[in-house]
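Okay, so here's just one chain, in C-alpha cells, the form predicted on its own.
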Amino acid sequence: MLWTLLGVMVITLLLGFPMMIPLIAGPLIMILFFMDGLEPTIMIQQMAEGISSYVLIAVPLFIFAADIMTSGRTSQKLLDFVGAFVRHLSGGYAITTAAACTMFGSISGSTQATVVAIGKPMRQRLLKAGYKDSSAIALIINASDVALLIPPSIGMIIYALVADASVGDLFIAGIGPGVLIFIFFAAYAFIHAKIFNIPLAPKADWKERRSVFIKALMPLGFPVIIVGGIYTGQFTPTEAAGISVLYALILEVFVFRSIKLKEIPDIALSSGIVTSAVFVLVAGGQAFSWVISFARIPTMLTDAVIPADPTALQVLVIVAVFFFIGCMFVDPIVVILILTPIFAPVATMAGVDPIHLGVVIVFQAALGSATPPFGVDIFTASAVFNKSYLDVIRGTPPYIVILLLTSVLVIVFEDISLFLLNLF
C-alpha cells in the first residue's frame, strides 16, 4: 500500500503536475481502490477539516503584509540602516546582506519574499564590492532561510496547526537559532573577505547613521510589535498578523508613499493566489495524513527506522534526517504536513519538548529549501536573478555546511531554542 501511494505521487510529479495534484491524487486513489468501505467523500471532509483551523487565518495576513512591504521601501530602509553600521568592516556588504535577510525575515516570514526583497538590491552591491556572482547569490538564498525560523514564520504556523502546539511559543523559540545562523554567516563573511581580499567600503559618519536609523525606526517596529505583543499577551498571533497588515499599509502608503491606494487590490490579488496555493497544500496534506494514519503506515515507518525505547536525541537525529532530505525534493510546507504527524507522537513519548521539536523540524525545512537538487529557494533565485540552476548552486556548499553545523548545535542543545521561553 505504501509503495502504491508513493508510486502515484512520483509518477504524477514526473509528469509535471504541481505538488498539490500528487498530494491529493495519491490518497484519493488509495480510498477508491485499496480501502474497502470508505466513501470518496471522506477526502472532501478531511480537506475541509485541514483548513478550518482559526490559526490559519494568520497565513494570508502575513503573506499580504510581506507583499505590501516587498512592493514598497521597507527592505531598502533596512539595508541602508544595517549598511551604515557594518559596511566598512571586512565582509561588510555580506554581513549587511545576512543581517538584512534576518530583519526582513522577522517581518515577512517567507524565504522567497526575502530573496526578492533583499536579494535584488544587495546582489548588485555585492558584485560592485568584488564578490563573485555565485557567492553573492548563495549568500542571499541561504541567509533568506532565516525567515522560516524568525517570527512570523509561516512554517512555524503550519507545524503548530499539525502538532497542536503554541504558535506564540514557537515564534519565540525560533529567535535563538535564527540569530545564531546570522552570527555564523557574519563570521564566515568576515573570514571570506579576509582570505579573498575583498575591498573595504567607505565608513559612514554618524550623521548618516543617525539619518538612516531614524528612517528605519518604523520598519524595525514590525518585529517589536509582533514578538512583543504576542510575548506580553497583548494579542494572539492571528491578531498580530492583522496588525502587521495595518502597519504595512500605514508605512508604505502614508509614511513612505511608495505605494498608491489603487495598487493595493493588485497586491491583494497576488497574495490571494499565493494563499490559495498554500491552503490547497494544507488541505491535501490533511487528507494525506488521514489516509496514511488509517492505513497504519506511520506505525510501520517508525517501527522500521526508530529503535525500541529510543532516546530523545536519537529521535531528533532521525527526524532531522527525514525532514532535511524531504525538503531537498519537496516544498517545506508539504513535508511538514506529511511527516509531522508520523514523528511527533514518537518524539513526545521519547521526551522531546514539542516546541523544540518544532524548531528542529522548521530548521530542517529552511535548510532543505536552499539545498540541491530541488530546494525551492534555488528556483526562486534562478527566476529572480535570471541565472541558470548551476550558477545558483555553485556557491552554496560553504553555507550548507554552516547550516548543518548549526543544526547539530540546535538538536543537541535545546536551550538554544528554549532559553527565551525559560526566562519567564
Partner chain sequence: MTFGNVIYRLVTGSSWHFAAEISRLSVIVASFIGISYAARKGRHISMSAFFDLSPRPVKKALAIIIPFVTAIVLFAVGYFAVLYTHGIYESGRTTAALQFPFWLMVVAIPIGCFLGGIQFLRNMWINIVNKEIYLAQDKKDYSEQQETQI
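Take the two forms, find the largest set of C-alpha atoms that superpose within 1.5 Å, and that set is the rigid core. Positions refer to the first chain, counted from 1. No experiment lies behind these values; they were computed from the predicted model shown.
Just so it is clear, the following notes concern the form predicted together with its partner chain, a form of the same protein that is not shown.
Residue contact check for F413: none of its heavy atoms lie within 4.5 Å of its partner chain in the model of the complex.
At the 4.5 Å threshold, heavy atoms of I226 stay clear of its partner chain in the model of the complex, well away from it. In the model of the complex, at least one heavy atom of T238 sits within 4.5 Å of its partner chain. Using a 4.5 Å cutoff between non-hydrogen atoms, V408 does not count as a contact of its partner chain in the model of the complex. A heavy atom within 4.5 Å of its partner chain in the model of the complex is found for exactly one of F184, F256, F279, F324: F279.
For the candidate set V274, V212, V330, L89, a heavy atom within 4.5 Å of its partner chain in the model of the complex is found for exactly one residue, namely V274. Just one listed stretch, out of 137-145, 257-265, 203-211, 243-251, contacts its partner chain in the model of the complex at the 4.5 Å heavy atom level, and that stretch is 243-251. Contact with its partner chain in the model of the complex holds for none of A320, A350 and V352, as no heavy atom of theirs lies within 4.5 Å.
Shown without its partner, the chain has P40, T41, I44, Q45, M47, A48, I51 in segment 37-51 as residues with a non-hydrogen atom within 4.5 angstroms of its partner chain in the model of the complex.
The Cα position of L269 differs by 2 Å or more between this form and the one not shown after fitting on the rigid core.
Here L418 does not count as shifted, since its C-alpha moves by less than 2 Å between this form and the one not shown after the core is aligned. In a rigid-core overlay of the protein, L23 has its C-alpha displaced by at least 2 Å between this form and the one not shown. Between V282 and I141, the C-alpha separation shrinks by 3 Å or more in the model of the complex, relative to the conformation displayed. A decrease of at least 3 Å in the separation of the C-alpha atoms of M328 and G285 is found in the model of the complex, compared with the displayed form.
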